[in-house]
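A single chain, nothing else alongside it, follows as structure tokens in the form predicted on its own.
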């Protein structure tokens, strides 16, 4: 049995982790809705951005430049890959979006192999060294923000959760309160109708790449803050979870993805509190995904495609 204090701490930890999942799933679903891409390697691109941030911080010792490098690299990779996907999506009405998933998986494998061999000799990177963090700002976030009995909540957890909430709120504001957001949603609802009313599909698709690149770079910064380290295979692990969350919620369902992502983060954190082995959290998470998919093949909240 979990002590109530430990349970509270694990729930807060789960919400912090869940906020990361929310950002990942939202970017994944945005590309799926607007660009009609199953971008399985989106989490791999984010891990690549973490590595770029680590390299810049290792060279300069600047946290600001590290965050800038994460955002810039995510946007750059998205924009470089855009022509490949746009070529496939030139005839949107007859395209099989599963083909984009295959291409995306290939991109992810290439990026993972490169980070495995070209950076830090394939070993995991850490943001908690003096070379990367000479001023000790990131290491200071490991200090407890709240400590009461067995409950210990760090500054990094609080910062990740609050920043994640702000980013998700800002993204939903863009989607539902701006002209660009209305264009995104119009294409998601009816691409042919959007074209008829004068919405440029190519330009709007490119804008979605830029937006998800910015979101991906900021997510990379939050992951570095929360985890303090990264490894080449982290992107693949996150990719499976993001795809699973999207399928459980309903492919393309932004609101449903938000709910399921937060719930998965909480479930994983509680399981880690019960079992000392971290791998059990993945086992339980994917077992729940299997049960839900069998019961609700179209997702809990319904497919939005």
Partner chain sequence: MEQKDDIILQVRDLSVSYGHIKALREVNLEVRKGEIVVLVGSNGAGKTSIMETILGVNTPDAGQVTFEGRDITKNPVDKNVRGGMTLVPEGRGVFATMSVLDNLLLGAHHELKTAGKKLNFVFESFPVLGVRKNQLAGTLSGGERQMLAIARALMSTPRMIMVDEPSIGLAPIVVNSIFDILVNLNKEGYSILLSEQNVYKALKCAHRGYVLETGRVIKEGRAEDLLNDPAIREAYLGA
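Note that the structure is a prediction, hence the values are computed from the model and not measured. Numbering follows the first chain given and starts at 1.
The discussion below concerns the form predicted in complex with its partner chain, not included here.
Proximity to its partner chain in the model of the complex, defined as a heavy atom within 4.5 Å, singles out one entry of 197, 165, 140, 131, which is 197. The contact with its partner chain in the model of the complex, taken as any heavy atom within 4.5 Å, belongs to 186 out of 174, 214, 186, 158. Heavy atoms within 4.5 Å of its partner chain in the model of the complex map, among the stretches 177-185, 214-222, 68-76, 131-139, onto 177-185 alone.
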